[in-house]
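Just one chain follows, in the form predicted alone, and it is written as structure tokens.
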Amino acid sequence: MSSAAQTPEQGPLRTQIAHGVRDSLGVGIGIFPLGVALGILVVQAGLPLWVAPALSIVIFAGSVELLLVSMLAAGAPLLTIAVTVFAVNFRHVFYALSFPLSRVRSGLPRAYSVYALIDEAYATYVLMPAKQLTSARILTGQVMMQLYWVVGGLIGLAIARALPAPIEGFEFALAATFTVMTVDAVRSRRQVPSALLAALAVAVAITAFPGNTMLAALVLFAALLAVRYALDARRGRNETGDGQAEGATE
């Protein structure tokens, strides 16, 4: 029997879909306003209206979409856009290692689940007991999360077009979003070294590469994170070796 098969305690399909909708409501409160912000940013950046739904349907990666609007409006080079998208979304590679994809039916349903594997979907389902998860429940939750984003973007477009004048400073919404995420990460203290490395990368990029600061900062930051990971891994192996040696001595 496939691991994605339904078990009796998971209930009929209607119940599983209802569970998926309910799973999405909590994170939807955060997704919908960001979708509205995306729609408003597209209009204020002077981009075509179709850009908002196109980004929401084709890419569906909140922070990257907000970032892309600014980069497209600024006429950023394609290489800078590609590296930035890769760097911001690289974490999704690791999401797939622990996300319960085995509970989703293979084929098109699983392909969509991989495509729609955003932060909110990962946080919702990765810690949920496997016996509560079904293909219909996970897919319904992910579809609803994308729906919140797409509808929010369309409403944002309508709001922006109805406004008599652009909202001054609204383009700072993306910077504010990343600032809040950074503050939350720093509060955990484990990420303070990463924040300091990011500051170092930006400082070096501004000084050494004033013409392409973002690309240089991203590449340098990725390199610094790789070095930090290697040092942490080496320290962990040494501590494990010391512990085993002490155990053997006792």
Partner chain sequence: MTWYLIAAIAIGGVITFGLRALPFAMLKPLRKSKFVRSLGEWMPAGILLILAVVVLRDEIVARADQWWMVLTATAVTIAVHLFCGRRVLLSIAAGTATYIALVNLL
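Computed from a predicted structure; not experimentally measured. Residue numbers count along the first chain shown, from 1. Think of the rigid core as the biggest set of C-alphas that the two forms share within 1.5 Å after superposition.
A second form of this protein, the form predicted in complex with the partner chain, is not displayed here; the remarks below concern that form.
The candidate spot formed by Ile81, Val114 and Val180 lies fully in contact with the partner chain in the predicted bound form, as each residue has a heavy atom within 4.5 Å of it. Among the residues Val126, Ala176, Leu108, Ala162, the one placing a heavy atom within 4.5 Å of the partner chain in the predicted bound form is Ala176. In the predicted bound form, Val204 stays away from the partner chain, with no heavy atom inside 4.5 Å. The shortest heavy atom separation between Arg189 and the partner chain in the predicted bound form exceeds 4.5 Å. Put simply, Leu97 is close to the partner chain in the predicted bound form: some heavy atom of it is within 4.5 Å.
Contact check for Ala130: every heavy atom lies farther than 4.5 Å from the partner chain in the predicted bound form.
Positional change of Arg22 between this form and the one not shown stays under 2 Å at the C-alpha, relative to the superposed core. The Cα-Cα distance between Ala195 and Phe99 is shortened by 3 Å or more in the predicted bound form relative to the form shown here. Relative to the shown form, the CA atoms of Leu196 and Thr80 are pushed 3 Å or more farther apart in the predicted bound form.
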